[in-house]
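Let us start with two forms of the same protein chain, each given on its own as structure tokens and named structure 1 and structure 2.
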Structure 1
């Protein structure tokens, strides 16, 4: 499996050989960090997912959110689709759970911004 290392700007092309789900050989890494990254990226690649959901009753119109932890890379687009139509009411604080166990990853999506509630529309300033 070919991996482009992201540990530094060198971007080494690392070749990882797997046998029976186990790493048996790593070629092309220039450093230890690169080897570790390549191993992980082959066995269980994970990504953080960030996005926004509709926010109701706040001067802010969108609430930014993130997965609390990285999730399997294969689930990333599922999460993007699952957020279609999700709405949340203000007030919200950073860390509040917006979607539990998103796409059965066992990971929650949480707010990454505080959003106060407003009573009138006038408070929203363009």
Structure 2
């Protein structure tokens, strides 16, 4: 399997040889981080997920969110579907949990932006 490493800016072209579901050889990595990235990418790929959810009671209509940690690549579409229709009320702070243990990954979805609430007098409040 050939991959382009994203562990550092070099973007090494790495060739990984697998036998019986195990890595037996890695060629082309110029650092240990690249070797580890290639190994994980072949055996257990993970991705960060970023998205938005509906924000209620704020001048912002959408709240940007992300996973706290990478999740298995096979769960990315499940997470995207689970976020459809999710609504959160303002105010929100960066790091607030929007969805706990999303799709049984053990990873929370968190806010990546502050969002003030609007009072009934149309004034921003915390």
Partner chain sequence: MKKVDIVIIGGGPAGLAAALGAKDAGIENIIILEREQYLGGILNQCIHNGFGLHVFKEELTGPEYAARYEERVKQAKIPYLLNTMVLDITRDKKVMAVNRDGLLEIKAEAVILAMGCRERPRGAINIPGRRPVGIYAAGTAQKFVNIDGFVPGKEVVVLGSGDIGLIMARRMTFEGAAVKAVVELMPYSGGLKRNIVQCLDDFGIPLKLSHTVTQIKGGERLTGVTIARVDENLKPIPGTEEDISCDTLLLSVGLIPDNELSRNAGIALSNITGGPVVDESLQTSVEGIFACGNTLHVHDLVDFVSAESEQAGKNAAEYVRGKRPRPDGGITLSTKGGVRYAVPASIDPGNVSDKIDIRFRVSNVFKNRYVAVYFDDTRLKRHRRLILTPGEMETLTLTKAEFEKYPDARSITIALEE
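Numbering follows the first chain given and starts at 1. Rigid core here is just the name for the largest C-alpha set that superposes within 1.5 Å across the two forms. Fair warning: this is a prediction, and the values are worked out from it, not measured in the lab.
Enquirer: Quick one: identify the form predicted in complex with the partner chain, either 1 or 2.
Expert: Structure 1 is the matching one, since it is the form predicted in complex with the partner chain.
Enquirer: Which single entry of 43, 60, 87, 104 lies at the hinge between rigid parts that turn between the two structures?
Expert: From the list 43, 60, 87, 104, the one at the hinge is 43.
Enquirer: Across the change between the two structures, how many whole degrees of rotation does the smaller rigid part show against the larger?
Expert: Rotation between the two rigid parts between the two structures amounts to 23 degrees.
Enquirer: Could you state, for a rigid core superposition, the Cα shift of residue 28 between the two structures in Å?
Expert: Comparing the two forms, residue 28 shifts 5.2 Å at C-alpha.
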